[in-house]
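Next up: a single chain in structure tokens, the form predicted on its own.
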């Protein structure tokens, strides 16, 4: 009984760590930049397949790929916001109109990135073996790669939280999230902050993709499922709340682990049920503001 309990809880935390990291990036993009980025999962896919390519073609350690995938995704996200979403923001008559237009644009971006990746990598499912040896935790056995993934997800999440709360850029981001107009009056370069937020969200997605590739098969069509999960976690934690996304990701991972133990095919359906119930009962989420 104890082994089963540990197996469910630890497996849930392992999965939840990835969900938390994925959702924190989307929460930043929507909570500050006001872009509900439907293409978020495609950055996860790019990070995963790029890590796979680095490891299989050049024997670059997947953990070392973090230093490559993260910055490249940040630059790509920064450029996309400055060239696409900034123009949409300037041309939209209101914030509500911008949110609708930006979501439609992100749908287009999703298909563009997905098809470019399909042309480059093809539709095949790919994977590699890295730190795949078993580790026994009080009778519950897990791959070392999954434990390393959880450790990195928590470390990156905490580092990002301290970045937001302890640095000047982080304080500017939080100010822009609370009141963009007042932040602009106080000297914050809003356009630059919004682009940084979108770039950071893309970087966290790519890093999550790197971690996913260490434990799961990857392919060019994997992005949409992770985007849906990220949206559910963001709603669960509270729109725009970074700590809420972290807690929500861990909680959703635990719920998924419990459901998977009884019926593996119902995990994603359980996520949708939670999503609908939240919208009906507590649309602000666990840590969202009313």
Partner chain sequence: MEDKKRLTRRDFLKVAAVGTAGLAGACSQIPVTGKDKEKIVVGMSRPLSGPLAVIGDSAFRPIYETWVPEVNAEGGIYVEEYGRKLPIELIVYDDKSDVGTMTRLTEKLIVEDKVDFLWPASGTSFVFAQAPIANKYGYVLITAEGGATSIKDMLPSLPFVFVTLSFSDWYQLPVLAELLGEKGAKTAYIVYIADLHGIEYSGVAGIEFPKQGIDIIGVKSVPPDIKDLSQIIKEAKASNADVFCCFAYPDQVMPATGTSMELGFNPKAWVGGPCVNFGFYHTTFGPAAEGVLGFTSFSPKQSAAAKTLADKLYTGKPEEAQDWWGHPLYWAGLEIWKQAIEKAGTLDQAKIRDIIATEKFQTVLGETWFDNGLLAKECHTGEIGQWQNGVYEVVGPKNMATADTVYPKPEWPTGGG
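Predicted model, so just to flag it, every value in this text is computed and none were measured. Positions refer to the first chain, counted from 1. Here, rigid core means the biggest group of C-alpha atoms that superpose within 1.5 Å across both forms.
Just so you know, the form predicted in complex with its partner chain exists too; it's not on screen, but the next bit is about it.
Pick the stretch from 164 to 172, 121 to 129, 196 to 204, 69 to 77 whose residues have a heavy atom within 4.5 Å of its partner chain in the model of the complex.
Comparing against its partner chain in the model of the complex, the contact stretch is 121 to 129.
Any chance residue 52 has a heavy atom within 4.5 Å of its partner chain in the model of the complex?
Yes, residue 52 lies within 4.5 Å of its partner chain in the model of the complex.
How about residue 219: is it within 4.5 Å of its partner chain in the model of the complex, going by heavy atoms?
Contact with its partner chain, yes.
I'd like to know whether residue 152 contacts its partner chain in the model of the complex, with contact meaning heavy atoms within 4.5 angstroms.
So residue 152 does not count as contacting its partner chain.
Within a 4.5 Å heavy atom cut-off, is residue 145 in contact with its partner chain in the model of the complex?
Answer yes; at least one heavy atom of residue 145 falls within 4.5 Å of its partner chain in the model of the complex.
Is any part of 18 to 47 within 4.5 angstroms of its partner chain in the model of the complex by a non-hydrogen atom, and which residues would that be?
The stretch touches the partner through 19 alone.
Spell out whether the Cα of residue 14 moves at least 2 Å between the shown form and the other one when the two forms are superposed on their rigid core.
Comparing forms between the shown form and the other one, the residue 14 CA shifts below 2 Å.
After fitting the core, residue 225 CA displacement of 2 Å or more between the shown form and the other one
Moves: no, less than 2 Å.
Residue 58: CA shift of at least 2 Å between the shown form and the other one after core fit?
It does not, since the residue 58 C-alpha is displaced less than 2 Å between the shown form and the other one after the core fit.
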